[in-house]
Structure formats: C-alpha cells, structure tokens
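Just one chain follows, in the form predicted alone, and it is written as structure tokens.
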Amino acid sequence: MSKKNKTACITGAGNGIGRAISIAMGNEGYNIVCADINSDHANETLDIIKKNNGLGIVIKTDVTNFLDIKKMVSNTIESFGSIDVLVNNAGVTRTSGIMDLTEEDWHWIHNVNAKGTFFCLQETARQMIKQKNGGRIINMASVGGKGFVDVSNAIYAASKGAVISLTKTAAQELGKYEITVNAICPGITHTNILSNIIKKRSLEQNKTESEIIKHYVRDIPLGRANEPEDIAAMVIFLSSEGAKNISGQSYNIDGGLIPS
C-alpha cells in the first residue's frame, strides 16, 4: 500500500501501544488520526508526530459510543479525504481473579474491547467500501484471547477471543472489497496496564515488582517482554504492500511464549 496521501486511524492512540503505532505510522508517511477518549493524551501523541514532521489530527472518541465512532470516521474524511488503515487498539482490563469479577466488569470490558472493535470496524468498512480502493483493518487482540491467563483476567480473555473470531469472519465478508482484516495478539508488553498489574500482584503476593516481572519473563523463550514498538512494527507490516494477500490471521507477538 503506497503511503502517499494515505490515512491511518488509531483508537487508543493516547498512550502505550497506541502511541507507538501512531508515531511509527506517522514516520512511515501516513496521515494520522489519533482517536482516544482522553484528548489530552492524544494531543501528546500528536505533538510527537508533528515534531517528526508528520501530519495528523486528534478526534476525541469513546469507542463504546456509536455516535462518537461515526464522528471519528466522518471527521477523518473531512480532514484527509479517505481512511485507508484502521487500527482497533483501544482496550481496557481489570486485574482480578475469576471469582471476584462482576457484571459491571463484564459490561465495561466487553463494551470497549469487543463492541468498540466491532462498530469501529463496521463504520470504517462502510467508508472503505465507498472509496472503492480496498483498505486494511488491524484489530488488537491478545494472547489472553488464546488462553494465556497471566496477562489479565477471564473477562478480558473472553473479549479478546471475540476479537480473534471477529477478525476471521470479517476477513471473509470484506475480502471481496479488497479489505484485509487481521489481528495482533501481544504477549506481555511494557505499558501502563502491565505496570498496574505488576503493582497489584506485588502487593497480593508480597513480592517486589522486579520479582513479578522476572516471573513473567522467565517463560519467554526470547527472554524479554515486548516494547510497544514491537507491536507497532507488525502494524507497519500488515499495512504494507507485502501483506496485501494476508487476511483473517491472528499473529502472536510474544517472544515465543505460546505456541499458536
């Protein structure tokens, strides 16, 4: 996919993986739409993109709100004329055991991770079909969606399993429009979410935070957790010409932690 006048919309662009993806794609020459519920954080991301001579805008977006999603797409078109890549990155979790999770947790996590991903995909696909130029949709899942439990909780895992399933079915339906749909399944990744998990488990287990992270890393064959830039590199590839015939796949970025 030639990046001349191409536009990428990234949800959850305000920090962590979303920020790394936004910066990397800006460096690749895409116009960047930083969509985030926290516009202050999104503007911090945009400032970095601009310092790197990139171009972008911020659109305050709550992915659980369908009107916000419609505004995200329409404002992108008003600003740049097309939406060529969507990265469905916005996500939430709560660190808790299966017996302590609540109905409120279920609704909150699924509303963002599953519902938000679906309706962002749907509204963006409508626009891509109208453009008649194909497109790339990349959903952020997790190794949790494939059964690795240490990364979060059962509800989070269920929501990311839904994202993986959605990726497969959407790829089949949207292929005739030359729209590819793929998912990325990060393993343990240095983000604010991981920091919060480590802090909580440090208190629960009466261990230092260093001991907790060593516990996570010890089972990774390559011996290290991801940096957000590792995920961004896969997004760049899946948006490239080299990935034009790849669709319906869910790729682990986890240092070899889980086998499939």
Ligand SMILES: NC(=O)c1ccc[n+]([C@@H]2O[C@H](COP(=O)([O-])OP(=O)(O)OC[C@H]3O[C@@H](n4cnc5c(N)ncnc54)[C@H](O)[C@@H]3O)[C@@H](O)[C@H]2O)c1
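Note that residue numbering begins at 1 and tracks the sequence as displayed. Computed from a prediction, not measured in an experiment: that's the story for all the values here.
The same protein also exists as the form predicted together with this ligand; that form is not shown, yet it is the one meant from here on.
Checking 171-179, 129-137, 89-97, 75-83 against this ligand in the model of the complex, the stretch whose residues place heavy atoms within 4.5 Å of it is 89-97. Using a 4.5 Å cut-off to this ligand in the model of the complex, not one of Gly26, Ile57 and Ser239 places a heavy atom inside that distance. The partner is absent here, but in the model of the complex a heavy atom of Asn192, alone among Asn53, Asn192, Ser210, Asn206, sits within 4.5 Å of this ligand. Heavy atoms of Met234 never reach within 4.5 Å of this ligand in the model of the complex, leaving it off the interface. A residue is said to contact a partner when one of its heavy atoms sits within 4.5 Å of a partner heavy atom; Ser202 fails this definition for this ligand in the model of the complex, lying far away. At least one heavy atom of Ser142 is located within 4.5 Å of this ligand in the model of the complex.
Although the partner is absent here, Ser247 is not a contact residue: none of its heavy atoms lies within 4.5 angstroms of this ligand in the model of the complex. Of the residues in 17-35, those that come within 4.5 Å of this ligand in the model of the complex through at least one heavy atom are, in sequence order, Ile17, Gly18.
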